[in-house]
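Before any questions on how it binds or moves, here is one chain, the form predicted alone, in structure tokens.
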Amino acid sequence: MSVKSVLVTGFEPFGGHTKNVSAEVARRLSDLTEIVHPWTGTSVPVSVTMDVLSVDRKGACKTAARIRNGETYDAILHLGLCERCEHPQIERLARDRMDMRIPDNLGRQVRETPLDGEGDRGIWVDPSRWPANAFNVPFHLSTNAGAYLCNETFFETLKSLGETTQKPLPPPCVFVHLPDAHRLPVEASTAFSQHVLAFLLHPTPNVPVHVVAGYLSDGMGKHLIAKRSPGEFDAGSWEFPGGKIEAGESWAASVERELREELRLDVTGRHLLGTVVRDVGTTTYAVHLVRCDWSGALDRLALDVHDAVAWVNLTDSDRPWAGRDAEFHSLICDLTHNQVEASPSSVIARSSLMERGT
């Protein structure tokens, strides 16, 4: 069995702390030589690269620089401290926003500023499908990684991964906020983080079919959905249009081809916003929502596998949805609303949010 290469990062102390639990956990994980496969129970050999990041702009961009310099890993796990969390928090989205409540360790304090102005970045695994009883402690899912160095690091890493050419998708990456050691012992946080690593390397019980779905905005708070035609799979249901990633394709090339074939629409796949996993019979589908730039006019769209399209917003949610596309709709509505209100993003599925990050 091949050795899986993983990168685990934590942070130096900041803001008056003398220790940072994320660095302590990262150091402990550096001794790992194997993990337990979360679905089969077999041992998987691993090689861990550990890095304790400085709490400044250089530290936040260090992992992204590794990726752009050609370093490759089978999974990346970022760890950070959440001072108010009672339980670990798995982040599903990095926000395109910095608003630092305290300066970093070099005195930098950025307020109410986009990171690149191109929008939030999401992950391409689905932790909502990871069984809670496989973990040693309860955890929460969130799409609010805060607006400090944790979010900046997560954003820069996801951005750099999305700009690489791995096919069909880059290696998985998540950010985990850990409670302080007085709330959850370091040993428990280490065990939890090890479980997350195992699921990052094996996100689903079997190899999924990867599917892309396009998010197209009209620039005024609405997004495009399409209704499946009679005779098609999920006939009569509304979806974000897209389709299966073909062999040798990247996620970006796939969404561009699919929307050209289905709607005769020219788009450019920009970045991934989130992923949901869906089982249909014995087949598992991982559906990846992709933010797209587009050109053309709605009245010129060609309909092939669909018989209708519509621009919708939050008030248009009461309709039959294909698969878990209602969750994508909810995510987009939340992100659109929060861009207008300049408030924190909500979760990909509203029922998943239990606690905000720092």
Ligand code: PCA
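One-based numbering along the sequence shown. Because the structure is predicted, anything quoted here is derived from the model rather than measured.
Form predicted together with pyroglutamic acid: not shown, discussed below.
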Only hit among L161, L149, I76, I123 for heavy atom within 4.5 Å of pyroglutamic acid in the predicted bound form is L149
Quiz item: Can we say F11, F14 and L81 each have a non-hydrogen atom within 4.5 Å of pyroglutamic acid in the predicted bound form?
Solution: yes
Of 115-123, 209-217, 237-245, 141-149, the segment with heavy atoms within 4.5 Å of pyroglutamic acid in the predicted bound form is residues 141-149
*Do R95 and pyroglutamic acid share at least one heavy atom pair within 4.5 Å in the predicted bound form?*
no
Review point. Contact between H288 and pyroglutamic acid in the predicted bound form at 4.5 Å, heavy atoms?
Key: no
Those residues of 175-205 with a non-hydrogen atom no more than 4.5 Å from pyroglutamic acid in the predicted bound form are H177
